[in-house]
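Included below are structure tokens for two forms of one protein chain, each presented in isolation as structure 1 and structure 2.
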Structure 1
């Protein structure tokens, strides 16, 4: 019969429509605005409505998620100490060349000091590829999870300087617990090997 398959197709859309209400009924209140509900909606079992209602609900980003880079600092006796040694590998490996580093020099001897005195990332050029974090030998630069950074002015806001991209190691441990634990383990092993030797 002509038109039969059109009706069957419409049946599919109807099924999608009804499933939403069935699921609502089945899952009750926890379906919306709860972490569990969001997780259910992004699993392969999801049926019916698929929408995650940003900004009230936010899809959690996975650990490997990368947006913009940031520099990790550690707090030692109330002083910020950047892990970065200004070795320049991130600036070299950066595909669009958006990282600018000025290596600091000792004011007395004039010799280079392993720390950056200026560090810029041009956000309007950065392609979020994650190479800087991947190839940094000191675990000093990491990819951030913060994506809510829309602004009204790019001339002032979109060149991230040292102040803006430095974040504490606790923040890093919070957004990337797996990576952090892995790194700590590697560091401990290294130190253990050192003490044995």
Structure 2
């Protein structure tokens, strides 16, 4: 009885093996390393091999996919202007406490300036929950789609500083076009309400 089930399992493997060659012959080169080929192999109607050949092929991530947080900056007169005001809300709501912020101070008066002088995220501790992005009142933190961060040196590579986590608003618009358009629409409505009042 056990031998029958082993043979049936091997039969399924053999069927997929043969169907793979038939589909490769039928579809040709467009079956692999193309967006169309990846989508076809992801469908429930696929025949033969359905494995994505990572890292040469990558599954497209949905717009709401979240991996690591990053700070958004805007280009103003050729200079970076971070949206972050170093309020510290992100660090307070972070469940694993992996965000550290040092607020800038005015060198002449010694008073705090609404901008971070240092901002660190320990990406090995980050659990990718997105609370920092959700609670940020200035839309300064967004969740990234880049999940390929493996390295050998944890201390140097996995504690992201201000330089490493800052990305332009155009990058955010590219990875999350729907969210960006919705935010722009909300900003325009807010500006229109200010001019009316």
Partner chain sequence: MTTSWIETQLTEYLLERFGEAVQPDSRPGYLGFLVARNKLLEVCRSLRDEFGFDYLSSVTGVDYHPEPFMEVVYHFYKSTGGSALVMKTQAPRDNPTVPSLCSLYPGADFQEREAWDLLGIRFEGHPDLRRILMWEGFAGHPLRKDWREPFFEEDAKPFKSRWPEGHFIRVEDNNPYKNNVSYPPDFDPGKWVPDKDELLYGGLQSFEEDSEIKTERIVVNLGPQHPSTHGVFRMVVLLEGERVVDLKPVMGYLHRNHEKIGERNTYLQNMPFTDRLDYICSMSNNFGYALAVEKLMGIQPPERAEYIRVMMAELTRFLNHMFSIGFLLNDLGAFFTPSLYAIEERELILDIFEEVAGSRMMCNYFRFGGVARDVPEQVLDKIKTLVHDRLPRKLDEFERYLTHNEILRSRCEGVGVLTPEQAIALSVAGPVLRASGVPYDVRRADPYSIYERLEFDVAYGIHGDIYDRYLVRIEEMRQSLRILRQVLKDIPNGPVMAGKPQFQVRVPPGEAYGRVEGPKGELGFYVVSNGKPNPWRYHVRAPSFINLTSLKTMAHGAKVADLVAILGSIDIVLGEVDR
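Numbering follows the first chain given and starts at 1. Quantities reported herein were computed from a predicted structural model and do not represent experimental measurements. Think of the rigid core as the biggest set of C-alphas that the two forms share within 1.5 Å after superposition.
Chemist: Which of these two chains, shown alone, is the form predicted on its own?
Modeler: Number 2 is right.
Chemist: Quick one: core overlaid, is residue 42 moving 2 Å or more at the Cα between structure 1 and structure 2?
Modeler: Shift of 2 Å or more: yes.
Chemist: Compare the position of the CA of residue 62 between structure 1 and structure 2 after a rigid core fit and state whether the shift reaches 2 Å.
Modeler: It does not reach a 2 Å shift.
Chemist: For residue 20, decide whether the Cα shift between structure 1 and structure 2 is 2 Å or greater, given a superposition on the rigid core.
Modeler: True for residue 20: a C-alpha shift of 2 Å or more.
Chemist: After superposition on the rigid core, what is the displacement of the C-alpha atom of residue 7 between structure 1 and structure 2, in Å?
Modeler: C-alpha shift for residue 7: 8.4 Å.
Chemist: For residue 29, what C-alpha shift in Å is seen between structure 1 and structure 2 once the core is overlaid?
Modeler: Residue shift at the C-alpha: 4.7 Å.
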